[in-house]
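Below you will find one chain, with nothing else, as structure tokens; this is the form predicted alone, and questions on how it binds or moves follow later.
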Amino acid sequence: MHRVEHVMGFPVSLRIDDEHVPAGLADAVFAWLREVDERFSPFKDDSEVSRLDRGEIALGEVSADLAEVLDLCEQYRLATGGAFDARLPGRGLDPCAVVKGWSVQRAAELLTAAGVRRYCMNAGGDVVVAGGPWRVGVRHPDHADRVCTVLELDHGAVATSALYERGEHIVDGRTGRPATGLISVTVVAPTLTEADTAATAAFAMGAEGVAWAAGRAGCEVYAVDAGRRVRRTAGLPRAA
């Protein structure tokens, strides 16, 4: 089964290679992602995030899901010394850097709970897989039609933060200015929650973010710094 929908501002593709797919499972996966977009988007006036930011609901009144997301945001803020921050000065609350990976990982868990053994979800270039081996290409930071490395995973997630899609969109919360030092950073981790958020956090930290991400449990890193030097960890699961 293969299905693609545009959700949360990017294409999400779901591929299931099992012979028997439970009825309605793909519908449930995409319904969850649409629900997340409605509830947690800072760009929708009636979302829970926007209502919290305007003070219409108190922090103690938020849903368990949003409380979990905000807790993750705070964990990464503390872990990066403020480089990763969902509340940047002069801006409203924006937990999107956590929400994307967290929500797609939750969707993957719906698949696992339904008994699906082999699947691949690709959310705007960030990927979570099970039942591999799966080969995942990492886009070349300068050439959209090329890859700079290919990874091979049986189970887990890959996420990349880079300049090539949205320009200088990641801000270093310590300075309030666009992050510098890296052109792209890819993180391989057991979950997409960790891979996606760690990639964004590492990019926000700049060159020091490579060692920071590599030091997190279960994470492997492939990065290209501002000098076009490749930095990779020894355990990176590269395809033969």
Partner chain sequence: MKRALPVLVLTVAGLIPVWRYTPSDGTATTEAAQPATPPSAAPSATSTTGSPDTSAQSVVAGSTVTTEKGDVQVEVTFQGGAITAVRMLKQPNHPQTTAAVPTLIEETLEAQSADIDTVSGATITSEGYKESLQAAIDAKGA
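Everything numeric here is computed off the predicted structure, so don't read it as measured data. Residue numbers count along the first chain shown, from 1.
We do not show the form predicted together with its partner chain, though everything after this point is about it.
Q: Please identify the residue among 131, 82, 92, 125 with any heavy atom within 4.5 Å of its partner chain in the predicted bound form.
A: Selected option: 125.
Q: Although the partner isn't part of this model, could you tell me whether residue 57 comes within 4.5 Å of its partner chain in the predicted bound form, counting any heavy atom of the residue?
A: No - in the predicted bound form, heavy atoms of residue 57 and its partner chain never come within 4.5 Å of each other.
Q: Residue 146: heavy atom within 4.5 Å of its partner chain in the predicted bound form?
A: The answer is yes: residue 146 has a heavy atom within 4.5 Å of its partner chain.
Q: With the partner left out of view, is residue 24 within 4.5 angstroms of its partner chain in the predicted bound form by any non-hydrogen atom?
A: Output for residue 24 is no: heavy atoms all beyond 4.5 Å of its partner chain.
Q: Can residue 179 be called a contact residue for its partner chain in the predicted bound form at 4.5 Å between heavy atoms?
A: Flag for residue 179 set to no.
Q: Assess the spot marked by 76, 87 and 237: is its partner chain within 4.5 Å of a heavy atom from every one of these residues in the predicted bound form?
A: Heavy-atom distance to its partner chain in the predicted bound form: none of the three under 4.5 Å.
Q: What residues, if any, in 199-235 have a non-hydrogen atom within 4.5 angstroms of its partner chain in the predicted bound form?
A: Heavy-atom contacts within 4.5 Å come from 210, 211, 214, 215, 216, 217, 218, 220, 222, 224, 228, 229, 230, 231, 232, 233, 234.
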